[in-house]
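Here you get one chain, nothing else, as structure tokens; it is the form predicted on its own.
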């Protein structure tokens, strides 16, 4: 019988106390580094695309090459590479476990990288200007389809590897009880990825076979049905992974924990069961789907996934509030928020990501899931405004935030330029917020997407609707916001690259950033920072010797006193504001609908 494999060397992290196995550490870092390189590459393309609207001389041919590469890079390659890094981190470090098959993981890493390089060559050489959607009968080079297939299959293997790590960790009892919530959320993302990448493999597989002559034709309706399993499904993977990262950042920055972990787990289960229906709005005009199917799945069934997001929308800020109140910040409704560690990039990234994603990306996504409203804006600039607010304002900003902890901890290097790091999330979020909102306004005015210039100057009949009036000013705001966001992106890439190359070697690489797993003293409210004692309620002794509380204050002040005794009163108020915002958006959308499709 063969001798058991020798476990890879491990170390105990002096910051978090977790066991970090060498293979898991190196694989997470390698995938994360490639992800950051792809983010930088896609960001460079973004600024060229934005400046083209302001007169930068780019030919229509090159513009479509950039659009195709930028879309695929930012919607698939960068995010999924980072999520693979998160899967390896979660299934090893967070479980004190080991990589089951590290050689397979490294081979898989090489395959994913080769797939990305092949697809990029095809797009940038002009052999696959088929855009991200690649709808037939548009044709691309076989190397493009093969490259995307290699990458997709590689991510599938990484997901399977993640589950193997979890199973072995459970068998070897490296952790106790249920999966930690962050790993549970990553598992939900991996399950959604199995579905999304599987359907994507079918879609791109058909196009690959057609491109090499083994398949005579590809039915467009069949392709679209399978493509949107990955085209939108990949974004649902991002959603589940982003929420898991949010919970991780709450623990890392303020030591927070879910107010009801069981309910948070149910929300992840709702994502697994129903979030894939978010792809249906892309198929509203396809004849293969019946009207009853479209209405049912773009409203009633999809709302079960929305319910999951609403659960997280309460749980996440409540977790922050409860943790802060436990640290002594109990004065008023929002001292807990005011006294948050805003100078830490992880915390600012967390809050900004939640706010922008919830108030703009989430709300507009639900609106676009409604069939009638979707038909108004689907081929306008409103759609890029929406998905930039999801994958950039939401997912990318959250991933940046967690990087400020994982990169120093895994590389054992001190973070470079901590002062720049404190400003970076604000700069990036301000830029992204500006250009996404401006895109949505432009889309409301009917500005089209996926065209290099809005005057249609090369068309037989020109169109001046989008080159006069308010549109040029709005498009200038889009460009300016894009430039600010790129500056924030450059700051992030600089910090990460210099940390990996020049950061000081250290056993405690937190560099002053508050880590919740550190000594208990770090979690106490700083002296003089507003830590207060809660006043004890008045009480009288009952006949049996017990105490009975009395509420002596009546009227509005009494109701306020009772309200603030809730565990998270500030969160209750924030959630009510969010719901009111939701209603306002729906009213505005239906007013627009009534003007477009008058009744009577």
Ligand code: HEM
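Given the structure is predicted, the values throughout are model-derived calculations rather than measurements. Numbering follows the first chain given and starts at 1.
There is also a form predicted in complex with the ligand; it is not shown, and the following applies to it.
- Placing the ligand onto this chain by superimposing the site C-alphas, using its pose in the predicted bound form, gives no ligand atom within 2.4 angstroms of backbone or C-beta atoms, which makes the site open.
- Between the options 27, 574, 568, 67, the residue in contact with the ligand in the predicted bound form by a heavy atom within 4.5 angstroms is 67.
- With the partner omitted from this view, the residue of 79, 183, 105, 118 that lies near the ligand in the predicted bound form is 79 [heavy atom within 4.5 Å].
- Per the 4.5 Å heavy atom criterion, the ligand in the predicted bound form is contacted by stretch 379 to 387, the sole one of 135 to 143, 496 to 504, 365 to 373, 379 to 387.
- Contact with the ligand in the predicted bound form, defined as a heavy atom within 4.5 Å, is made by all three of 46, 74 and 428.
- Although the partner is absent from this view, residue 62 stays clear of the ligand in the predicted bound form, with no non-hydrogen atom inside 4.5 angstroms.
- Using a 4.5 angstroms threshold between heavy atoms, residue 35 stays clear of the ligand in the predicted bound form.
- By the criterion of a heavy atom within 4.5 Å, residue 336 is excluded from the residues contacting the ligand in the predicted bound form.
- In the predicted bound form, at least one heavy atom of residue 482 sits within 4.5 Å of a heavy atom of the ligand.
- Heavy atoms closer than or equal to 4.5 Å to the ligand in the predicted bound form belong, across 385 to 418, to the residues 387, 388, 391, 392, 396, ordered by sequence position.
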